[in-house]
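Take a look at this single chain, the form predicted on its own, given in structure tokens.
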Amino acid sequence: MIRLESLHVTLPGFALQSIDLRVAAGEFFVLIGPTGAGKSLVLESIVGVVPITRGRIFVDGRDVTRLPPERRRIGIVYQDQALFPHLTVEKNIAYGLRYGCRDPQDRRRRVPALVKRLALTHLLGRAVTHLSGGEKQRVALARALAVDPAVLLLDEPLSALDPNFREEMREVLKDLHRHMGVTILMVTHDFAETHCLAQRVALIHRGRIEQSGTLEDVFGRPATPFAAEFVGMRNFLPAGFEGRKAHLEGLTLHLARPAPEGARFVGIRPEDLRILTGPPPPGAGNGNRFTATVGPVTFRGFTCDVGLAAGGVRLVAMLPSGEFLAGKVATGEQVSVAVDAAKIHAV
């Protein structure tokens, strides 16, 4: 449904380079990355408001690379909604119909149903300046979908909302996708939104796609050091490999499967390192049990990051804060640590 082929965009001080991306029909695809990575620029290239240097853009099987925005059949919703403050809710929703709706009869059926699904019926006569953040975002969604776009682009649509409205809008987006089957490409840096909404995901960094695939691929098996760091796999260490063994400095770990050719690192998420504060369960760690010394502890609300030293290796484990405060683990003491072989990733 959306296909980018070798997309390059050159701007002063920044460039998108060799962007290849595929979003299937009816898919909810999320593009993640840090601030300044080029996420929004990808959307602006697709919608046609930023000229591309080279490459091709296909939407619904059509080459739209050189078409003006109004002929691309793309709806877009921005972080700040970009509503017209001098128009009512109804007139904001109807604004694009004069340019983008192909079938007047379909419009008469489609728009009322859309207004009802987004719970906007009672707000149609109201000025948008008198709406809450969540209501404004629902109006922006209705305006984008009213013209029956081939695809819907979402540019960090939830980041300006407070937590309650953000959760509400996540459910709205899930409902729209489930019942309307619209193809959605959303950019965000929020992991909760990504895990809640995405069917597939791509990670962009410095104008290049670092990795793409399922949530499990990107978050569970990061392919590069940057990807590992970004998705929270903070234990990312150089290693040598021998079959199903990973040799770190003074520590050997068993893997669930032989390391791929060319592997140079192991990655372990902090939550997958278990500090055994009581009797270890049978088979704890599938053979990966070792002794470590507890180092610095950083509290992060209900959890804390616990530094561990094992041989010459420095690791970080995650532990409920209550367990540390209750004295089950103390800085400077030796503890047993376990990690399942399947949770160790060779990269």
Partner chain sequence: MNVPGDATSAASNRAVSVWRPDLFAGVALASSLLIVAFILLPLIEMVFQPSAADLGQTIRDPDVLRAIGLSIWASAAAAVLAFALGTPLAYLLARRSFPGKKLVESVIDLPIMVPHPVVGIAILSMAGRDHWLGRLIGALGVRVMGSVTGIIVVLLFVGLPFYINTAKNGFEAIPLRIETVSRSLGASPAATFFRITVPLAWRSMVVGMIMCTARAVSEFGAIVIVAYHPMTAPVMIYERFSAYGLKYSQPVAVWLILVCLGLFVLLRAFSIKPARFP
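Numbering follows the first chain given and starts at 1. Note that the structure is a prediction, hence the values are computed from the model and not measured.
Form predicted together with the partner chain: not shown, discussed below.
Triplet Glu27, Val59 and Gln199 all within 4.5 Å of the partner chain in the predicted complex via a heavy atom: Looking in the predicted complex, the three residues Glu27, Val59 and Gln199 all stay beyond 4.5 Å of the partner chain (heavy atoms).
Heavy atom within 4.5 Å of the partner chain in the predicted complex - residue from Val218, Leu176, Leu185, Leu83: None of the other options qualify; the answer is Leu83.
Among the candidates Val266, Ile74, Val89, Leu203, the residue which, in the predicted complex, approaches the partner chain to within 4.5 Å (heavy atoms): Only one listed residue qualifies here, and that residue is Ile74.
4.5 angstroms heavy atom contact with the partner chain in the predicted complex for Leu114: So Leu114 does not count as contacting the partner chain.
is_contact(Thr293, the partner chain) in the predicted complex, heavy atom dist at most 4.5 Å: Thr293: no contact with the partner chain in the predicted complex.
Heavy atom of Asp63 within 4.5 Å of the partner chain in the predicted complex: Looking in the predicted complex, residue contacts with the partner chain do not include Asp63, since no heavy atom lies within 4.5 Å.
Partner contact for Gly96 in the predicted complex: the partner chain, 4.5 angstroms, heavy atom: Gly96: yes, in contact with the partner chain in the predicted complex.
Heavy atom contacts to the partner chain in the predicted complex at 4.5 Å, residues of 239-265 in sequence order: Nothing in this stretch is in contact.
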